[in-house]
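Take a look at this single chain, the form predicted alone, given in structure tokens.
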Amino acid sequence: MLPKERCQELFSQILKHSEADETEVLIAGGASELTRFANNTIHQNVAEEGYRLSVRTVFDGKTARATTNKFDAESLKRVVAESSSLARQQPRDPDLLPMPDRESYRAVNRYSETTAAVTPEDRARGVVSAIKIAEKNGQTAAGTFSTTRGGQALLNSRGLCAFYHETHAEFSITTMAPNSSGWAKKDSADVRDISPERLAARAAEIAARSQDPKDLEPGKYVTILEPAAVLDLVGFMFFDFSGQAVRDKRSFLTDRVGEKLFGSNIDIRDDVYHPLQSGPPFDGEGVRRKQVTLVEHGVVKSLTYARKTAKAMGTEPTGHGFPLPNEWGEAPMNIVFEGGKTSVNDMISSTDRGVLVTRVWYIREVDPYRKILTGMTRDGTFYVENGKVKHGIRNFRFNESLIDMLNCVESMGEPERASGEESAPMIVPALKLSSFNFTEVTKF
């Protein structure tokens, strides 16, 4: 991320060119590097560094935004002029609020010098160690190892100055056997939390255990979902925990806030300050993020609110708004799904007959009000009998309501930072469900 002093300097230059009633500048970007491998060979290494500067201007209740990735004097002058021209052409928004004043923010530390210093050679060594494990197991590996450093700055003409910087590392691997596959993925601010060898060993084990998969009749089964599968399923809920979405009647929570929708053992909150979370302690307008209890003992307790939504609905903003102007309003971005103490192994040992799902993909929403999703399992689906994993099974397509799913949770594991296919990382547990609806066996 650009130094704080450089961001302030750029903002000062923007203000010199702005005739707007109010002016806001959002600066974001950084450096990212990625090593990609397939067929047990590194085949790509890429690196880029870039920054973008976005200017929002306000003229008598009219607002618009323009963006540039060039920071020379002429480009800064041009982007202010573009934002101003666009703003003057907009219809006046009678609900547009003044930009926020200066705020103080709770400190979060998500920058690792170790991650920032990772070289292509470091990533290559990690990849090679993972490939060796796949080769030892007679498998073919593919995946990525990436590291980034960056952040954002938000400044406005009312004195708000918000700065945030972070690092991020992620390793993902898929191992392929003749008729099975395994997968593992982990991300963290600190690259030292990631072990390519352990992830490769995990993926290799899944592929080995699921080879020669057998058919299992579709139906409703006791089902154990590992955290990555939980993440990609429940991730479809959280844009509905938006005051604006409820106000627009496009949320499944419309007229349901305060209702007990889920099992009594379901507790979910949005908490940017959780030690495993990521992201800045302020939202797209610079408002300080609050910890919000979304679900308590199965009851929908609260929504998230941007400033404009909060005023319209007679409540307080929670610091979950997106940069203006936008059509979405707000959403929780730092989900923490409380769990329990039951390990996946214990879930398996307590299951007479059921299915173990490592991950899911290609998920689509069928019924937005009942929150019915369809999708497929992949990379390790197993039949469980008499407390043991018996063998791999061919992948299923499923149709399941998230409301129903979260009403039949029998036990939960320790929450962990999970990475999946469809959703951003969240803190979620493994779940054992008394029923999950598998509708057909897939062809692959």
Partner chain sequence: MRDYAEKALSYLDRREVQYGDVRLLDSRERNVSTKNGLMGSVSSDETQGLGIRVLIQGCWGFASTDNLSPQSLEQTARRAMQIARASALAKKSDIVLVPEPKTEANWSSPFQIDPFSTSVEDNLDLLLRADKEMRSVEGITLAEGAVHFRRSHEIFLSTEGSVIEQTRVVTGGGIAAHCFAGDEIQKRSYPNSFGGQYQLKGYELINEIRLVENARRIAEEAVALQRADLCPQGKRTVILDGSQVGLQIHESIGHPIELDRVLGMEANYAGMSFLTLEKLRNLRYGSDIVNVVADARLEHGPGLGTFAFDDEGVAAQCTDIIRNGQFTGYLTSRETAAAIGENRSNGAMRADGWNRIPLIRMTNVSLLPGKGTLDELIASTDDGIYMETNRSWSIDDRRYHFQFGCELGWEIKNGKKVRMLKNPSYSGITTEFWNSCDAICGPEAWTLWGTPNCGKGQPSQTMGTGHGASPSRFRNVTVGIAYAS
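What you see is a predicted model, and the numbers here were worked out from it, not measured in a lab. Positions refer to the first chain, counted from 1.
There is another form of the same protein, the form predicted together with the partner chain; it is not shown, and what comes next is about it.
Contact check in the predicted complex: Ala66, Glu327 and Arg359 versus the partner chain, with a cutoff of 4.5 Å between any heavy atoms. Do all three pass? Yes, each of Ala66, Glu327 and Arg359 comes within 4.5 Å of the partner chain in the predicted complex.
Counting only non-hydrogen atoms, choose the one of 120 to 128, 157 to 165, 313 to 321, 222 to 230 that falls within 4.5 Å of the partner chain in the predicted complex. Only one stretch qualifies here: 120 to 128.
Scan Val292, Val108, Ala201, Met176 and let me know which has any heavy atom within 4.5 Å of the partner chain in the predicted complex. Residue within 4.5 Å of the partner: Met176.
The partner chain: the contacting residue among Met376, Cys408, Ile403, Val389 in the predicted complex [heavy atom, 4.5 Å]: Selected option: Met376.
Considering only heavy atoms, tell me if Gln89 and the partner chain come within 4.5 Å of each other in the predicted complex. Answer yes; at least one heavy atom of Gln89 falls within 4.5 Å of the partner chain in the predicted complex.
Proximity of Ser210 to the partner chain in the predicted complex, heavy atoms at 4.5 Å: Looking in the predicted complex, residue contacts with the partner chain do not include Ser210, since no heavy atom lies within 4.5 Å.
May I ask you to state whether Arg353 is within 4.5 Å of the partner chain in the predicted complex, using heavy atom distances? No - in the predicted complex, heavy atoms of Arg353 and the partner chain never come within 4.5 Å of each other.
Find out whether any non-hydrogen atom of Gly138 is located within 4.5 angstroms of the partner chain in the predicted complex, and reply yes or no. Gly138 lies outside the contact set for the partner chain.
Between 426 to 443 and the partner chain in the predicted complex, list the residues on our side with a heavy atom within 4.5 Å. Read in sequence order, the residues that approach the partner chain (within 4.5 Å, in the predicted complex) are Asn437, Thr439, Glu440, Val441, Thr442, Lys443.
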